[in-house]
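First, one chain by itself in structure tokens, the form predicted on its own.
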């Protein structure tokens, strides 16, 4: 008895030591876990910042474009030799001769054919359209001489922006010493400036980097997203309402739910193959059209919207349903007047997230031909079109150095749209969410 009494304090001390050691280990584990979490967050933010800095650093210069001021002589013999002001005849005039004569007049000492060809190459071929548009905007220019700003070639633009190193030997850079000397002479005469690149936001694609723009891809994305939203939102919400509120709980509905969840995880290119086989080959819809792209993206977006809508419907308390039914409302009235409005913020959030994913998709649209080179801005749902992610893909595959900054600039625009859409989802969630 005395031995047990003497051992008890020692046993209690050992127990307290073990408990204290266990608590210390748990605290250390908690500190390590917090440290790992902090490192993960900081690493993610650092990589995200690196991504944005890299993209913005390469793409911001595409928002300005180098232009050259030329004294254009709007020669009547070139533009309107008959003097009839016939639009067809004026449209077919050789406007390229006007800007070539203008730049040759600035450098009268250039006489050899090869040098004149190099001198002509300082000006973009798009100057032809700039001069033509100026004539049609003000026909009274015919017969006069005016200073006109025209786009410089992509090589001149790259040199002015510092993407071509002047210090390299002549054989290692794209521009010769003579071309650089002519550019410096134009700059000294205040005939070269970098201006806002309005063509990037107002024109479609082009083989010439200095003339290419994203407006055609933006319009194509808008039309495609319009078809996707018009089809996926009502179908997704109706499916979610039926499965959650009206469908009986049996093996058949369980199979449907499993397949919806599986469809949300299927690679997007599979939907492109389905669209190629069904919409193009079976139904014969036009290739590379926003209506087909919208149908394909609808198939891809539907599972996301259905899952988000079902979760939102489940979050509505059963007491709301019981109160509506207790007051004499039918089940349809209960769903449409009480449950659906309360679940709508979550449904809208899921829809915006699904549309954001569809906006950034490329693979399914490549399968239905939206990778084609489209110059004209689409005017309808059946016109040939491309979308912004596919436009980025096309430019990224181009060899010209000037397309690198166009690619990064288009990525900046696409990321801006995605950030706006996600911010709208967060705003709708925080403004209309009801906490029970």
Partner chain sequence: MPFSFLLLVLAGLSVIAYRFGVSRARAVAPGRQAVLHSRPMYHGLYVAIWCGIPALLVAVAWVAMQPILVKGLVMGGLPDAYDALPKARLDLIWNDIRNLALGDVVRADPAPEIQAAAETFRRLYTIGNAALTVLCLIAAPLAARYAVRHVSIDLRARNRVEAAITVFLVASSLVAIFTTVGIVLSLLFESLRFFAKVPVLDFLFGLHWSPQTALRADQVGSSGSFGAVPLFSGTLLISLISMLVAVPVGLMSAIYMSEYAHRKFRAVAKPLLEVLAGIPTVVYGFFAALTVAPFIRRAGEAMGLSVASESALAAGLVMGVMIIPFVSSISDDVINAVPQAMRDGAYALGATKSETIRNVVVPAALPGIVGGVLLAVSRAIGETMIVVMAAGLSANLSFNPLDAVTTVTVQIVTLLTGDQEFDSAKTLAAFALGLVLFCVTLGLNVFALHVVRKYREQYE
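Not measured: the values here are computed from a predicted model. Residue numbers count along the first chain shown, from 1. Each form is matched to the other, and the largest set of C-alpha atoms that superpose within 1.5 Å is called the rigid core.
Missing here is the form predicted together with the partner chain; even so, the following discussion is about that form.
> Choose from 277-285, 103-111, 168-176, 217-225 the stretch whose residues reach within 4.5 Å of the partner chain in the model of the complex, heavy atoms counted.
Result of the contact check: 277-285.
> Which of these residues, 246, 129, 201, 136, gets a heavy atom within 4.5 Å of the partner chain in the model of the complex?
Contact with the partner chain in the model of the complex is made by 246 alone.
> Within 4.5 Å, heavy atoms only, which of 311, 187, 92, 238 is in contact with the partner chain in the model of the complex?
Of the candidates 311, 187, 92, 238, 238 is the one lying within 4.5 Å of the partner chain in the model of the complex.
> At 4.5 Å between heavy atoms, is residue 84 in contact with the partner chain in the model of the complex?
Residue 84: no, not in contact with the partner chain in the model of the complex.
> Does residue 125 make contact with the partner chain in the model of the complex, using a 4.5 Å heavy atom cut-off?
Judged by the heavy-atom cut-off of 4.5 Å, residue 125 is well away from the partner chain in the model of the complex.
> So in the model of the complex, does residue 52 come within 4.5 Å of the partner chain, heavy atom to heavy atom?
Contact check for residue 52: yes, within 4.5 Å of the partner chain in the model of the complex.
> Since only the chain is shown here, I'm wondering whether residue 333 would be in contact with the partner chain in the model of the complex (any heavy atom pair within 4.5 Å).
Answer yes; at least one heavy atom of residue 333 falls within 4.5 Å of the partner chain in the model of the complex.
> Output the sequence-ordered list of residues from 410-426 with at least one heavy atom within 4.5 Å of the partner chain in the model of the complex.
Residues within 4.5 Å: 411, 414, 415, 418.
> Take the rigid core as the frame of reference and indicate whether the C-alpha of residue 23 shifts by 2 Å or more between the shown form and the other one.
Indeed, residue 23 is displaced by 2 Å or more.
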